[in-house]
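In the block that follows, a single chain appears as structure tokens, in the form predicted alone.
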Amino acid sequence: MDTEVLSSYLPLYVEAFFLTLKIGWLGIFLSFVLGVASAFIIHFKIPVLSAVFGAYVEIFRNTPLLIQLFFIYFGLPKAGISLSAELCGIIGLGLLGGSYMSEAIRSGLDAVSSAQTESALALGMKKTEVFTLVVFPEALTLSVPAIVANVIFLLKETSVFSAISLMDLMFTAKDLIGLYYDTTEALVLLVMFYMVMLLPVSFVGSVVEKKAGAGMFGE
């Protein structure tokens, strides 16, 4: 392995790393917003909307991100809607992640005991207060392990962004391998940067899960 090649490639990977990170976290933020909205609508069986969001969840959970990106990046321009590759990546990741986040949060909502809701209402709390102050915080706590797993999953899914010509980590690695055939060096840097991106999330996620679990059981 040539260290000079590694050092010469490093600036390209740093640039690609920050682009991947930006798109990844913006997509995750969008996925969380969509997930909360979908979970709320489906859990409370809001007429018409629950069917629409239920269909959204099933469609996006059961199709690969690559196909979704192709549809957004190559298909929408046929309908007169042209978006940048970066925005397509954010929207695609957000839509995919939203379907998974929805199921994670909805399972948390379903797991909240009805006795807690009844107790809160008996204390004179309004229904909106019961949901925002009692039900949703506990549901979110119960959903933490699934949410953390989804965040890690979505960050790894950024590896397909190269298919729509985004200069992310994977695109950079494939480009350098195709141009200079330094396969080992390109792949080593690719693995290193994905570890830099994912290991802190995994560590922080483990800490959050432990704290959430400790809070639930009063430890």
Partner chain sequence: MGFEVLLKGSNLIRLLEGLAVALKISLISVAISIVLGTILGVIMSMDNKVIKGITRVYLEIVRIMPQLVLLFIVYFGATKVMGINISAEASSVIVFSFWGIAEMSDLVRGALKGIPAIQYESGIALGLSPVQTNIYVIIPQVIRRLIPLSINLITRMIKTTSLIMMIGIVEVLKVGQQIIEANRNSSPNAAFGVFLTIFVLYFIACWPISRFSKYLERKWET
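Residue numbers count along the first chain shown, from 1. Treat the numbers as computed from the prediction; the structure is a model and nothing was measured.
Below: the form predicted in complex with the partner chain, not depicted.
Remark: of stretches 120-128, 70-78, 133-141, 85-93, the one touching the partner chain in the model of the complex is 70-78 (heavy atom within 4.5 Å).
Among the residues 160, 176, 41, 30, the one placing a heavy atom within 4.5 Å of the partner chain in the model of the complex is 160.
The partner chain is not shown here, and in the model of the complex it never comes within 4.5 Å of any heavy atom of residue 53. By the criterion of a heavy atom within 4.5 Å, residue 190 is counted among the residues contacting the partner chain in the model of the complex. Although the partner is absent here, residue 199 sits close enough that one of its heavy atoms falls within 4.5 Å of the partner chain in the model of the complex.
Among heavy atoms of residue 26, none comes within 4.5 Å of the partner chain in the model of the complex.
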